[in-house]
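Two separate entries follow, structure 1 and structure 2, each one form of the same protein chain as structure tokens.
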Structure 1
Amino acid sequence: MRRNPYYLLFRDLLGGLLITLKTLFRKPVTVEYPRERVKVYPSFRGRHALVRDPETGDARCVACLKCVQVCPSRCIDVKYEIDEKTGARIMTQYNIEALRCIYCGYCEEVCPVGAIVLTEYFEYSVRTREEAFFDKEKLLKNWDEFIAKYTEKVYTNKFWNLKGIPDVLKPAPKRKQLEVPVKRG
């Protein structure tokens, strides 16, 4: 028994039209954004921010450069100076080029002191490349804007202490729970 060579073409065409007909009567999956708000899930990673230390008022960063080393897109640049008295590193510049960032969150996970955060803030846009370049002051300002809308009394990022890793395997600063008290002004 020999089939017509147009049989396969007709069958595929009919199958495609059937799929189109089915999806024609389904509810659309798109969201009309300005009118309908998108639900932001807890695992969302948005605009970058440097966590402000409530005691000193400056960034928590200790210039360990782990975020720079782990960043796959190489969008983080940190400059530091050595304190002559204590020998500790003091961060002087912290720059993130947001257009190069892939928002993977590795910087957040690797930071031993919880200095960098990818906030849940997603409604930001820029018109020039310079606006997408975050320096230390902009990153601290981003933190202030984010924490002002935060409703809890203490901020704890779920990526600072990953579940499933025993405390003995964590570095010393991450063994204790990293929390930032929220000051209301």
Structure 2
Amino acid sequence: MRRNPYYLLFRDLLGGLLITLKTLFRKPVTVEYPRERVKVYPSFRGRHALVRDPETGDARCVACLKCVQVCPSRCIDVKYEIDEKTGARIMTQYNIEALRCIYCGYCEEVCPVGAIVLTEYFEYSVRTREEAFFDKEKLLKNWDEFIAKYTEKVYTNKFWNLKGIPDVLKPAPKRKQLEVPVKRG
């Protein structure tokens, strides 16, 4: 194989050296985490929460079990009762094993009423397995903690309102923009 005789000038080697030399004088991209923080973009998939409805003060979940079905790692467990009078389902238990979750966001995407959400809160490292097991109370508390620091009037999630799906294919509550009014004060 004949090589281009220019390789004797070490052009490629010197070029490589030049690149690293240029990078030496560039501003580093490191974020020194505890002191500085990365900007968390909307619809970042962090800690799970059950949305507390500002009107009823309880979770909005209708126990349709869609999230249980869609979860790839099978970490959601929902128990429900049936109301004798109306025949509606009432959710009694809602458990998420956060250590098994892969943060795919399918659950919040599939939920017809926007009841489950992955909040933008990500600093929740724990010391025991039990602390990472979220039941209904904890999930509602997670929502309260998240919303206490939330600045805007209305909370909405990108995964609740996916673009490009025709309205016919959406469940009824999702046909218009799905939002949660956040009570302030």
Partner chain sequence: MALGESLPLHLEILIVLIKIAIVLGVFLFHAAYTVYAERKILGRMQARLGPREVGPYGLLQPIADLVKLLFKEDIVPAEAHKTLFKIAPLLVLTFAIVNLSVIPFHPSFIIADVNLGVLLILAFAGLGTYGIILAGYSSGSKYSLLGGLRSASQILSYEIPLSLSLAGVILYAESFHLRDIVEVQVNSLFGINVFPQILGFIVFLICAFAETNRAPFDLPEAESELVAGYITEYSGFRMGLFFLGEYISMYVMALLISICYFGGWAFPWWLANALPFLKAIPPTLVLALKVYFFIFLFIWVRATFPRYRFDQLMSMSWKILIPLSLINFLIVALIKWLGV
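Just so you know, these numbers come straight off a predicted model, no measurement behind them. Numbering for residues begins at 1 and runs along the sequence of structure 1. Take the two forms, superpose them, and find the largest set of C-alpha atoms that agree within 1.5 Å; that set is the rigid core.
Here the form predicted together with its partner chain appears as structure 2, and structure 1 shows the other form of the same chain.
After superposing the rigid core, the Cα of P42 is displaced by 2 Å or more between structure 1 and structure 2. Here the two forms are laid over each other by their core, and the C-alpha of T23 is off by 7.7 Å between structure 1 and structure 2.
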